[in-house]
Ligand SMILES: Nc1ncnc2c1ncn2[C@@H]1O[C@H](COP(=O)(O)OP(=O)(O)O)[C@@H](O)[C@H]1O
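Let's start with one chain on its own, the form predicted alone, as structure tokens.
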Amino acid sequence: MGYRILETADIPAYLRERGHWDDPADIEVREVSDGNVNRVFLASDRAGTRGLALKQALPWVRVAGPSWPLSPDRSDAEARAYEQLAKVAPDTVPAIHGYDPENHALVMEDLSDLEVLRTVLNEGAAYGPVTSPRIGELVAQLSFATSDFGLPSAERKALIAASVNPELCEITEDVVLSEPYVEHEHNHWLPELDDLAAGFRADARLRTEVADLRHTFMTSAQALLHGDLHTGSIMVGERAGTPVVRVFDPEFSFVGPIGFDLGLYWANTLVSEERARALGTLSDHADQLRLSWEAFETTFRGLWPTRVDTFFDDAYLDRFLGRVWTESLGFAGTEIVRRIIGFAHLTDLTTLPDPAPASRRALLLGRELIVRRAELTSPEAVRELVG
């Protein structure tokens, strides 16, 4: 039949055709699309005892429509990423029930009993003791398993070739790693930040450091990444009294620098801290960068004895992790900057009664993380910088 854009009314018959549901008359469907580029539907039986989620990649950016075309082939990258993630951390990603490459549609576990991490944080909740350590572990598990430490050379080359994701990488290269530092139609910001936006565009040191990070993003094929690991791509909650963390939406996945995934998560934790500071609701926000890094480092070191190439010695591991740390800080800075003066802003800040002071503070922090990343050698040093 070829690719077709699915509507809400199409979902019952589609799920039956694909063998996911026996009785299409016993399905209730609602669209819950929230991101920038895809459509998402939730299907449940009328008794509310069973549910599935269906995500379809559109041939354009959803929030822009056909004026911004985007190949739906990005869903192939997402399906591959879930396959790899399920191998190393099956309890931290949704169960995938099927992928339809013709219609670029994924059928997966219904996570509607959980909440998006950004939402619960914006509502004043704490992170708790589980979330950030689990994210650090996940990044370590995925990155080690798909790196030259975890895979033989031939398998690594095959993974790199299969995981090329040019359109979405180009979006990151533009929206995150260049546009905020030049005049561009995508950029927008609060009027109170006019001076900083102009200053960043004129800041030669900042631009050179961002160029360095951009080139690292474009050329450093260290491991398979989630590629868009922010608090809007994480769901949290409890099942049977046990804390649950689920990471989803890895459609930006490709083989790149490990620090990009960590950096995106850190940027979002730091911005959520600025929101809590502005509202007087600070709790455990200041611990999250440290907790995720410690979990990442501990997990990666724990996997090190299983490396496939023992020419890489323990001294090299120390050097490698130091590089990941430094790059993570830089990428965290670029994510903060682009979320305040670039294309897509964060509700952490935009929903504040007066977003300008917290936005200014975060923007200045982002610059420092970029230009001083080599000086900030520990979580404690970052904490001193944040204040």
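Everything numeric in this text was worked out from a predicted model, so none of it was measured. Quick note: we count residues from 1 along the sequence shown, nothing fancier.
Below, we turn to the form predicted in complex with the ligand, even though it does not appear here.
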Using a 4.5 Å heavy atom cut-off, which stretch among 311-319, 102-110, 122-130, 210-218 contacts the ligand in the predicted bound form? 102-110
Ok, A278, A197, V255, M235: which has a heavy atom sitting within 4.5 Å of the ligand in the predicted bound form? M235
In the predicted bound form, the residue from N36, T347, S44, T326 that sits within 4.5 Å of the ligand by heavy atoms: N36
State yes or no: in the predicted bound form, is some non-hydrogen atom of V116 no more than 4.5 angstroms from a non-hydrogen atom of the ligand? yes
Contact test in the predicted bound form: E137 vs the ligand, heavy atoms, 4.5 Å: no
Hey, in the predicted bound form, is F248 touching the ligand, heavy atoms inside 4.5 Å? yes
Considering only heavy atoms, tell me if V40 and the ligand come within 4.5 Å of each other in the predicted bound form. yes
In the predicted bound form, which residues of 137-152 put a heavy atom within 4.5 Å of the ligand? none
